[in-house]
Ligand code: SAH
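Just the one chain here, laid out as structure tokens, in the form predicted on its own.
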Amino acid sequence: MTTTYKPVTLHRGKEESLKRFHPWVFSGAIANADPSIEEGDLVSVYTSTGTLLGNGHSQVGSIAVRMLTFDDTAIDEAFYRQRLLDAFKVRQSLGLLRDDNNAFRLVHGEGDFLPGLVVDIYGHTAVLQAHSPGMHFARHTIAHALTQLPGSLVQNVYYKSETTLPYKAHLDPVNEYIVGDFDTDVAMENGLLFHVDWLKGQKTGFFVDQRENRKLVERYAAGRRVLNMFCYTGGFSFYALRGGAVAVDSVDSSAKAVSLTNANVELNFPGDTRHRAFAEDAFKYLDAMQVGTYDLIVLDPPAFAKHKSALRNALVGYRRLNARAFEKIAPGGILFTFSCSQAVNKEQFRLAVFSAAAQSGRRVRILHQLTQPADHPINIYHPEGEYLKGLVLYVE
């Protein structure tokens, strides 16, 4: 069956970003488009003089086309098989497929030249998320292509896009197994076990983007009293316990998250009395705790700004949160502080943390500047893909 690519023509001069391989076409750059184009259709993008720039998925909104190719390559099952195999080979080269590790991100949207698609691997289950209508319509093709990866890596594919697709598209996605079924919710990261709630949990069920940063917490945890704020599934907590922390307290406003943290700690350290968990608001907990209670604090909040319109309030939130930590952490303490807000850049986040440090009047050194791991690659032509920012600070 021949696939039809509906034409989109750009205004004169608007092709420059595509010639630099940036994968987004903004609606204001479009001069003419086939009137029959609907959400998720395959389109071919042309310059004002009729030169083909590539093919992609259409959608309604400021980003009107997400480019999948910058030539005339067909977008079919062979295309998805090759892109997924390329992504697999990258993860293989990173050493992520090991006996002590079966959790990682296989596809990171634009970073793997598949804009609008996220795939996380937990054991033999792939959790597939579509962030664009085009990827939603291609989900069955993608799921089948996933099962063709070497070594029978993927045996189950769970589709989880009810909250990630544009609501204006009226797609009514259903979270469901496209391939296979449930086998186990336990996965392994660097030799540590954890439950993954891909059915009802946040994102794909676990934040695999903090894997390397959790290892760094483990390195610093020996002999320290650790606070893991916004603990969610407790990842930083059980790494700190393995690192030799004398006490670890996990805090999250969600009782369900606290329950999951306790279950994950029990998987790895059954009956360990060093760990406690509290369902409580982060700011209230920080306000109430005694100065010097902890000498290692992890602040890994949810995105304070999902859009540019929320940027100002987000920066206020980061300053306030970090100021509390600076005020309360013990002398000689280590603060791990993060922002996963794509709308907040590195400089803005660093300035917010700097302002909080200055407010506390304490002497602070930057030990590490952190980012997302290599299985969340940044397309060099799409710098917007750098979203995770972190600092490790020594506080006198």
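No experiment lies behind these values; they were computed from the predicted model shown. Start at 1 with the first residue shown and count on from there.
Below, we refer to the form predicted in complex with ligand SAH, which is not included among the displayed structures.
Segments offered: 85-93, 200-208, 267-275, 241-249. Contacting ligand SAH in the predicted complex at heavy atom distances within 4.5 Å is 200-208.
Contact with ligand SAH in the predicted complex, defined as a heavy atom within 4.5 Å, holds for exactly one of 141, 73, 253, 313, namely 253. In summary, among the residues 185, 287, 280, 162, the only one with a non-hydrogen atom within 4.5 Å of ligand SAH in the predicted complex is 280. Proximity of residue 231 to ligand SAH in the predicted complex falls within the 4.5 Å heavy atom cutoff. Contact check for residue 218: every heavy atom lies farther than 4.5 Å from ligand SAH in the predicted complex. Interface membership of residue 214, defined by any non-hydrogen atom within 4.5 Å of ligand SAH in the predicted complex, is confirmed.
For the chain shown alone, residue 295 is not a contact residue for ligand SAH in the predicted complex, no non-hydrogen atom being within 4.5 angstroms. In the predicted complex, ligand SAH lies beyond 4.5 angstroms of every heavy atom of every residue of 39-77.
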